[in-house]
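The chain below stands alone, shown as structure tokens; this is the form predicted alone.
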């Protein structure tokens, strides 16, 4: 079996991720922050170590690292923590449904176009501001095409106009730098199980602002327990209920893996992706956003064969990809592929040139 669907989730995970989770299950099985016994304190210490690792990775204070169930939960926490029915928000035309749907439910919004040039994108943005515009949300990398977005410039635009900036780094973290101070974003969120090589059930909300978010979930925090409202300080304010200790510790191991080997991994992934794209173009296949800077994600279509059929043929050959809309309707509307979607190939740390050649052989036969 050849796995080339790493933007859905990276697979396989490095051995250190499973080993860390197994160790956590065996040795850190108490509830962190829920007692003064040695096991509870040890569990809390191990969780805090991961908070420090993530803080270093994203250049944020450890207390501003919020553990979530996934990127979608973190997105909802950010969006609904800032916006309401009186607000207006700007979102890009490449946003994942994890942004589009909560924004659609929460406030009025406008969709801005990511243009061919940064200057044109900002010019379009400037004409869309309203009196009640409160924030701008942009994905750092398209989950459909791998295109890298000008988020640093967009965050600077937001800051200059007194707006809050939110960056979706679900397809960026582990592939391109995601230093929140360098980006200038107020809030960043990401999954833990993709480019950070952590397990399912992990995500991160990273705060780079003093703005206090309204809470999405309330409950036990282990602190200020005599009060009816959530604590006023992070991370406890946003982490109600028992944490996914094993998952968090596994995520910490994934972050260690990426921190140590990330540069080498990325170099290989980009080289394989460039070869893949060049060969597909040579075959006369339509490759989307091929002219822009990219991460190891490629979307393509054959003119007379549906994405679903290509997917089925690849699956029969033992190759895992993904076809369809990839939970990103706005992106597919932008690309003109919303009627049938695309075939998406995403390369990960453990893929080889042989994997890419196997896929190309099937596509060429089709």
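This one's a predicted model, so the numbers in the text were calculated from it and none came from an experiment. Positions refer to the first chain, counted from 1.
The same protein has a further form, the form predicted in complex with pyridoxal-5'-phosphate, not shown here; the description that follows concerns it.
In the model of the complex, pyridoxal-5'-phosphate lies within 4.5 Å of some heavy atom of residue 71.
For the chain shown alone, residue 145 is not a contact residue for pyridoxal-5'-phosphate in the model of the complex, no non-hydrogen atom being within 4.5 angstroms. Contact annotation for residue 91: none of its heavy atoms lies within 4.5 Å of pyridoxal-5'-phosphate in the model of the complex. Interface residue remark: residue 135 is not counted as part of the site for pyridoxal-5'-phosphate in the model of the complex, having no heavy atom within 4.5 Å.
Judged by heavy atoms within 4.5 Å of pyridoxal-5'-phosphate in the model of the complex, the contact stretch among the candidates 34 to 42, 293 to 301, 312 to 320, 63 to 71 is 63 to 71. When pyridoxal-5'-phosphate is considered in the model of the complex, only one residue from 98, 205, 255, 178 comes within 4.5 Å through any heavy atom, namely 98. Contacts of stretch 144 to 177 with pyridoxal-5'-phosphate in the model of the complex, defined by any heavy atom lying within 4.5 Å, are made by 168, 170, 171, listed in sequence order.
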